[in-house]
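First, one chain by itself: the form predicted on its own, in structure tokens.
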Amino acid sequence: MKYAYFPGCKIAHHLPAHGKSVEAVCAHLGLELHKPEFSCCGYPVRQESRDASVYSALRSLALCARLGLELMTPCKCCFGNFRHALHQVGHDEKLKLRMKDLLADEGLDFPETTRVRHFLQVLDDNRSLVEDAVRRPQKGLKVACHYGCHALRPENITHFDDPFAPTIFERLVALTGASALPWDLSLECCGYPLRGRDETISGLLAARKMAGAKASGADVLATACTYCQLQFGGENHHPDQSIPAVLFSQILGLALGLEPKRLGIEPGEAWVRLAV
């Protein structure tokens, strides 16, 4: 199985462990990742220029179409913007024609049928493959799953899962042998979209979520989005009221038997002792 891999802008400089762990897991599972010369997904300029945002997304999808591959991304913000772009050109013929002209200027065809998949969806599509590959079940680990807003909503655009009662994350956690615990704030925003606009509210949202995850009895809060992990693992981390924020790709990688170093896990990260 082959995918065009879209890591997003943040991974390389801000969260290399996310890319490292996703690539290690995919390599171990035999999911082949190709890396075209992508540009930005368009999310950062969505509120400034619709055309610029949509074109940024469609250009990457056009590169995937040229390769005959689906696009796979580990970032839910990128995933959401790709889905938004496809929705908009599907409902605005004038916008679609403008995008076709811009793509033609670069010698690219409009991506009529290219699918966008999030990393979790790819894993869910291949559950039997993942299950057969688990070598070190993480039976001692209790997990609070954080979904991330941009994949879930609006459901008629993203088509990720039920926005009110999603189950994909819990299904995948179960495959690792860990236990996914219910908690009230699992579907709430992490606060990252407010960073740079209102740092106080952004920080309070993150702290409230992490405190809620801790109150559920979980050992870790699991993320599957670069932006969400940066929000929970950065300056908004409050040790007195929170728990470690951990990338799901790292939890899965440990369950597959991969060494922590291959997953971008730093020596001494205490949560690993709970998991293995």
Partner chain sequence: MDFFSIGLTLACVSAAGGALWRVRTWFLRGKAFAKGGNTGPGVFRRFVGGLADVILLRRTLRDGPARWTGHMLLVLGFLPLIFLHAMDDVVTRPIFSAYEPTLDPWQFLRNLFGLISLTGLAILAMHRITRLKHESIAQDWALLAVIGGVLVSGFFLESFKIMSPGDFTRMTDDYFPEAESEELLALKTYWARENGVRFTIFLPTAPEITELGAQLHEDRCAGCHAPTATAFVSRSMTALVPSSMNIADQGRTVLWYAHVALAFIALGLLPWGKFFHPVATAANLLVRGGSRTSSAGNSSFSSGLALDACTRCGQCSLHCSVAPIHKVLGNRDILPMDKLLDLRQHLDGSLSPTGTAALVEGSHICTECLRCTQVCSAGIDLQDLWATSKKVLTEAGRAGVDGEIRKSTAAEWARDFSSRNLGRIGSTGAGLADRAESFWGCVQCTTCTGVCPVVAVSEDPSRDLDLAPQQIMNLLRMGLKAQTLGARMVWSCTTCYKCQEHCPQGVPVADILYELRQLGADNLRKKEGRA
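This is a predicted model, so every value here is computed, not measured. Residue numbers count along the first chain shown, from 1.
Omitted here: the form predicted in complex with the partner chain. The next part is about that form.
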So the partner chain isn't shown here. In the model of the complex, which residue out of Ala52, Leu33, Leu67, Leu29 has a non-hydrogen atom within 4.5 Å of it? Ala52
Which of 175 to 183, 97 to 105, 137 to 145, 121 to 129 lines the interface with the partner chain in the model of the complex (heavy atom within 4.5 Å): 97 to 105
State yes or no: in the model of the complex, is some non-hydrogen atom of Ala211 no more than 4.5 angstroms from a non-hydrogen atom of the partner chain? no
Taking heavy atoms and a 4.5 Å cut-off, does Ser56 contact the partner chain in the model of the complex? yes
Quick check on Val89: any heavy atom within 4.5 Å of the partner chain in the model of the complex? no
When the contact criterion is heavy atoms within 4.5 Å, does Arg262 count as touching the partner chain in the model of the complex? no
Can all three of Glu37, Pro154 and Pro193 be found with a heavy atom no more than 4.5 Å from the partner chain in the model of the complex? yes
Go through 161 to 176 residue by residue and record those having a heavy atom within 4.5 Å of the partner chain in the model of the complex; state none if no residue qualifies. Pro163, Phe164
